[in-house]
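Before any questions on binding or motion, here is one chain by itself as structure tokens, the form predicted alone.
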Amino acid sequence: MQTKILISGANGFIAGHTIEATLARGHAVVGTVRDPSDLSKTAHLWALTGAVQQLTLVAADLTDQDPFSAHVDVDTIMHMASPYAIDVKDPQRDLVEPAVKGTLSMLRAAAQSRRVKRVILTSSMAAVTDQPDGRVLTEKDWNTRSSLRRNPYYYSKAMAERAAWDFVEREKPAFDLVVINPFMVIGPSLTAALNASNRILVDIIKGRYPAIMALTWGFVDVRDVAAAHIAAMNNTAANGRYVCASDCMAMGQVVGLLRECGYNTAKLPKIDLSGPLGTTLMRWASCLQPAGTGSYLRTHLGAVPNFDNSKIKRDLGVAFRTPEESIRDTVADLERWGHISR
């Protein structure tokens, strides 16, 4: 029987690259999207090599009562559909409920299938930590500090992944669960759509950051995240959670790299507020930002992530691109799509 994979949220940033890699290996893919007939959201998928022969797109909405049961005659499921937004009107309705409900709907559907052997959940480092504190983060760490008021997006990712592990422990389904926890995902895009992580680079280049702040980001290339999902599918020994991140770069380092690349040097931030006094000022100024952005700044200014990615390298053989390489490739792609210029 042909290997067949269900990928939810198929028109997403990570999902598109994963579908491309999966089709390249000759697998059949069933991708879920809200509206398969909306070519403005799906044309890039149909343009992938092998898509006409091996790709099927079906309708599914995370808020439906049972969006996935009709589509689980597959060998592997990659559940990637989940809302990603920092500022929302109602965090419970807009973030937590669809993330948790969608995850449980997928797991219940998988448990009813006689064919599904593995479910791979795309979680996030947001489920590992709410506020880096210098400790070396591993797969054993959990975000226990986020709430509907404090980093609600982080809260939604932690709640959804907790719900998944609780389901497996309680129901003991025939499939096994593997979770990928990426840090900030950047990289070339298959579409002109601008994802939230790449937008940060666009905003820096266009002068929307007034100063260099004490922000340090953990980066991972979208192509490496896709490779991690493929490896998790193919390696029968894969188990548990996987920290999926390459390395960290401070905002000042990112700005320096962008200046080196020649992008909008006149608009790149020049004032350095990454020191103790500047960080205090930025924390105060964060109170004037929308709730989600303000909460993020207050918990991340001055916080430097530290993590151990040895498990994913050892178990899945993932070799990460450096953040510098990923940023260079990303801004070149952003220029290609017309989002930025030199």
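One-based numbering along the sequence shown. Predicted model only: the values in this text are computed from it and were never measured.
There is also a form predicted in complex with a small molecule; it is not shown, and the following applies to it.
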Of Tyr209, Trp217, Phe175, Tyr84, the only residue with a heavy atom within 4.5 Å of the small molecule in the predicted complex is Tyr84
In the predicted complex, the residue from Met80, Ala158, Met213, Ile77 with a non-hydrogen atom within 4.5 Å of the small molecule is Met80
- Item | in the predicted complex, Gly9 touching the small molecule (heavy atom, 4.5 Å) | yes
Open item on the list: Can you work out whether Lys313 and the small molecule are in contact in the predicted complex, taking contact to mean some heavy atom pair no more than 4.5 Å apart?
Closed with: no
Note to self: in the predicted complex, does Lys41 come within 4.5 Å of the small molecule, counting heavy atoms only?
What the structure shows: yes
_Taking the small molecule as it sits in the predicted complex, is Pro182 near enough to touch it, meaning that at least one heavy atom pair lies within 4.5 angstroms?_
yes
task: Please state whether all three residues Ser147, Met249 and Gly302 have a non-hydrogen atom within 4.5 angstroms of the small molecule in the predicted complex.
output: no
Partner contact check in the predicted complex: of 33-41, 302-310, 270-278, 284-292, the stretch with a heavy atom within 4.5 Å of the small molecule is 33-41
